[in-house]
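Form predicted alone, single chain, as structure tokens, below.
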Amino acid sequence: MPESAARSLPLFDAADPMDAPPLRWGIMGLGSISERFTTSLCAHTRQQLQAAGSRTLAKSTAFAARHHIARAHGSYEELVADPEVDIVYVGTPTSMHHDCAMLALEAGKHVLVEKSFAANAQQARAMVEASEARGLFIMEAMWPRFLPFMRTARTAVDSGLIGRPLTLTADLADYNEYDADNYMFSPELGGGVTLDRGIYLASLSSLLIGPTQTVAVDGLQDATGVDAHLNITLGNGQGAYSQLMASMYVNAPSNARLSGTQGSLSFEPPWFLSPRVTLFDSRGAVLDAVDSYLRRDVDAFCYEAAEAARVISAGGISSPLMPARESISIIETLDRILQQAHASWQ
């Protein structure tokens, strides 16, 4: 495409989450992420919050009261056995995702699993195979994937607006002061930056660069044993690379830029909730920009729930926006990142 050709970003008018057909939801695991997810569904969708489930009845009762949920269950087993629940949102720590998702699938429920999809690729494969064998929907709750600005970016790449993508640079870092109660410092709960922040970066790389073929990692381990600061290079085996940084030791602006042979896309920070995506030509001149009105994750989680409701209502078991098999591939990449990081610390 010649530099003189007029180029503009596609205006992706995502369907209103309020228009998605309502399903009956059960919320499993009632921590902070479930609070925000549930708040988003209440504010921006017609989804029906049917039941809350925790390992203690007191916690689920309090959660249900805050969000006007009909029933509270004192165990995960009771939640998945509830005949009034169609789909279970798994908001437990990553180390529990596999067991919780399998519990729901075995009870005949569709599942939306918080990121990271699983603690390792073996668990991820088992979850997806179970959903396919039972004809039940499963999806990773990688919420930036479903937002209008990110779908605009993916469409721009697919249509060749920046030519052949060659380099993605992105960071996701926030300083965490040591807190014994913070799962980020607990290897047993799936703490560390790979499963908490690296998952976002690896998923962005998979979306814009493609499946990972090569992995190179350098970084630091925290005294608690978790991975704390990582510099990551992912290659797609066709000459394109993602240069990524995930950290709990430093703050970073959450920048992201995708450069190709005929231009680039820049995500105004934070890239995962970007207020503006800008298209540049190969010389750095601005060609176009698309703004996003979204500013908070509680206003954004509703898009992933709406996508799940639409796919399930249409009889599907995997979303084309976040395919379950792609989640396996991304977790395989995280496994390789952690293996290299751990090997470098020994």
Ligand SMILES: NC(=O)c1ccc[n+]([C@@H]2O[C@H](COP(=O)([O-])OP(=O)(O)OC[C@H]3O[C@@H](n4cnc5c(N)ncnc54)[C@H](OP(=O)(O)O)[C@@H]3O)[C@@H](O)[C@H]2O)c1
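Residue indices: 1-based, along the sequence shown. Owing to the predicted nature of the structure, the values given are computational and were not obtained by experimental measurement.
The same protein has a further form, the form predicted together with this ligand, not shown here; the description that follows concerns it.
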Only one of 47 to 55, 64 to 72, 273 to 281, 307 to 315 sits within 4.5 Å of this ligand in the predicted complex by heavy atom distance, namely 47 to 55
Answer yes or no: in the predicted complex, does this ligand come within 4.5 Å of a heavy atom in every one of H98, A126 and E140? no
Within 4.5 Å of this ligand in the predicted complex, heavy atoms considered, which of L189, A107, A252, A130? L189
In the predicted complex, the residue from G210, P93, P148, G160 with a non-hydrogen atom within 4.5 Å of this ligand is P93
So, F267 and this ligand: in the predicted complex, are they within 4.5 Å at any heavy atom pair? no
Taking this ligand as it sits in the predicted complex, is I33 in contact with it (heavy atom to heavy atom, 4.5 Å or less)? yes
Taking heavy atoms only, is D86 within 4.5 angstroms of this ligand in the predicted complex? no
Do D171 and this ligand come within 4.5 Å of each other in the predicted complex, heavy atoms counted? no
Residues within stretch 161 to 178 having a non-hydrogen atom within 4.5 Å of this ligand in the predicted complex: none
